[in-house]
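Here you get one chain, nothing else, as structure tokens; it is the form predicted alone.
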């Protein structure tokens, strides 16, 4: 059977784009996080939607699992097979199909990276910017949006999942379906006013189909961007400070957090408010307004040394720098969505977990759509060459997921352990609907099985 499947995959994509060689499968059996590696049977790199269809049909015929993968940077094992199977590496599907300047969207294939789209827009449509995550430029736009990722315009415009206008999806049966305005129109401008089914594919981790096209919203590029940096000793001050900041309408993004490095940051909670304007004069005026708000709500605005300005302005660098806090390059984190009122307690509990497991404290958060939703991320760096260090990170991950759920938050891009914990708390009616949709769309259970797995007795 093994040789037969390999031969059929080679017939679909060509011999150079499919492999079952151990050295290549090893790369796909893990990700940059602390998840335990799991075996992969085949890796295949399709170039067209038709090739994806043919692979899905083959998997149905042979009851073989398929695991779609974008950049493979989720850190939580979502593209590592639970039960073996075919990893569908989508990197060759990297066409930027259309940029609509008037309706402000990009229609792209799933392999388009954030670096490529950003560069393309700067060169060809400099008045538009894409929603970029705090991640390396090799992360795919589709992969990030489909896990409800966020980035430097999310305070103003929402998480990246909410910025999807439409999808083309190869369903688990091999059929093609379009969602959003493209289901009716030749334009990919909105998700309504027809029933909005795009949400089915957000945070479902490839368990309901393979996305082959995605329309993502674009936004005007500001002439100037800067930030106001402040510190407070008491995280409870955030409850009054953050609403006051956002109600001004000034911030493009708001990042906050606490960390043990550098030493002068230890014991403080920082608030970084990113602002945009058409002139430097407007930037300075906005800073004066924010300074007053900071002072009136228990925080002190500070000038950041010039050598640190780029560190904070280039936020993917800022977000990933915690990976260097220990030798060995391992980096794991729990992202959690929660209401603002729970954020101070989450910070204090996160500090406890870090100290319990001997890990440098690095906790951050981002406001999404003003203060309607807060993404809090708890980072746990580890040494990849030290099994004990890896185990510490996994234990910290578990403890964090546990207290997040207990306080009413929800782990973001949850790994298998967190998914099980979420399902235990999940409303029975929701679980029944989730299982019914999975059974309807994927009767042979080939799409990333093991993820969001509702057991018979639980539904």
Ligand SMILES: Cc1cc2nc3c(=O)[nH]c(=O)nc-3n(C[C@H](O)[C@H](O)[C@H](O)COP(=O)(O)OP(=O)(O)OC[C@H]3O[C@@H](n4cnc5c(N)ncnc54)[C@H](O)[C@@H]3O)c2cc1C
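Residue numbers count along the first chain shown, from 1. Note that this is a predicted model, so its numbers are computed, not measured.
Form predicted in complex with the named molecule: not shown, discussed below.
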With the partner removed from view, which of 351 to 359, 119 to 127, 187 to 195, 133 to 141 is the stretch that lies within 4.5 Å of the named molecule in the predicted bound form, judged by heavy atom distances? 133 to 141
Within 4.5 Å of the named molecule in the predicted bound form, all of 70, 79 and 149 (non-hydrogen atom): yes
Does residue 413 make contact with the named molecule in the predicted bound form, using a 4.5 Å heavy atom cut-off? yes
Can you tell me whether residue 331 touches the named molecule? I mean in the predicted bound form, with a 4.5 angstroms heavy atom cut-off. yes
Although the partner isn't part of this model, could you tell me whether residue 211 comes within 4.5 Å of the named molecule in the predicted bound form, counting any heavy atom of the residue? yes
With a cut-off of 4.5 Å between heavy atoms, is residue 74 one of the residues that contacts the named molecule in the predicted bound form? yes
Considering the named molecule in the predicted bound form, which of 242, 90, 164, 376 comes within 4.5 Å of it through any heavy atom? 90
Of 382, 227, 205, 105, which residue is found within 4.5 angstroms of the named molecule in the predicted bound form when only non-hydrogen atoms are counted? 205
For the stretch 253 to 292, which residues lie within 4.5 Å of the named molecule in the predicted bound form by non-hydrogen atom distance? none
